[in-house]
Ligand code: OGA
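In structure tokens, one chain follows: the form predicted on its own.
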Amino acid sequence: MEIKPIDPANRAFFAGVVSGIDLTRPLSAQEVEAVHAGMDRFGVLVFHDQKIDDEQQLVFSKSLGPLEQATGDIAAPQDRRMSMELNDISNLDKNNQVLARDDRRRLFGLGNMLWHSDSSFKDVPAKYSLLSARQIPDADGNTEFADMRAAYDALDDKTKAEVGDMICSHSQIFSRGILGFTDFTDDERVKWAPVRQRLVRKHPRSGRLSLYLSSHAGGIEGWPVPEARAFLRDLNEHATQRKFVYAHQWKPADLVMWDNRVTMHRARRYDHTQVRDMRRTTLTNEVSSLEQAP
């Protein structure tokens, strides 16, 4: 197994491409540790030509740690295409037909086009996300990743001191509201009530500090809401400068994994009439971000 930086000239320590590993078979303990070490260094790992099925993706993911359940979408249980261990990142219904443009599930899913960190709207957020491309459109539909470690490092000392102890509130109600999606049931509003997350967190293995931002973040404790949202917008603009961003252009059978503790990501637009079928497994962080103070 070997990992090389995708952009050694500009981002030598962000986004690596992995070779010499076959994800269709169970990994050895040494391979598992090599993947963890690669994630600690790069934050994003790309595995090409991995023609895996759902079970193989689950075996690989579970070898890295415990999974969270796919409870972040609005699909009713009877409408799901797959088990609760898999996130259905597609534009398909349970009969594998492309969702209508105005389908409520599709409109909710457009929130993935905002910069975010997976499951930051949960008390215990996500650790790794692993996204497998099963069928992709003819063009477009890239996924972009921002290095939140580099973004933190680039802050001036005054801002670092200001944000060091900040606590933000995160909710999917807020992130979808940015796009004008407010069609939530009473149960969904209870389910996605705001949760508390640190704005700066420390990686438990590397020790590096990073900004923990997301479109789900809609407030800062102790701040008036308009001021908090203006400040968070400034931080997001800073963190998503092109010098901090890797854009992944998908190929069939790609698997991309990223560490939600040190990255943000977003999907880009594509022809919504074409099939985009992707499956995501998500490792739980096991502890709240509140327990990963600088």
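Don't overthink the numbering: it's just position in the shown sequence, from 1. It should be emphasised that the depicted structure is a prediction, and the values quoted were computed from it without experimental measurement.
Here the subject shifts to the form predicted in complex with the ligand, a form of this protein not shown in this document.
Exactly one listed residue, out of A267, I52, L232, L27, brings a non-hydrogen atom to within 4.5 Å of the ligand in the predicted bound form: A267. In terms of contact with the ligand in the predicted bound form, the residue from A150, L199, I136, I89 that brings a heavy atom within 4.5 Å is I89. Listed stretches are 43-51, 66-74, 234-242, 259-267; the contact stretch with the ligand in the predicted bound form is 259-267, by a heavy atom cutoff of 4.5 Å.
The closest heavy atom approach of H116 to the ligand in the predicted bound form falls within 4.5 Å. Contact annotation for T159: none of its heavy atoms lies within 4.5 Å of the ligand in the predicted bound form. Among residues of the shown chain, T143 is one whose heavy atoms approach the ligand to within 4.5 Å in the predicted bound form. Although the partner is absent here, N112 lies within 4.5 Å of the ligand in the predicted bound form, judged by heavy atoms. Residues in 24-49 all lack a heavy atom within 4.5 Å of the ligand in the predicted bound form.
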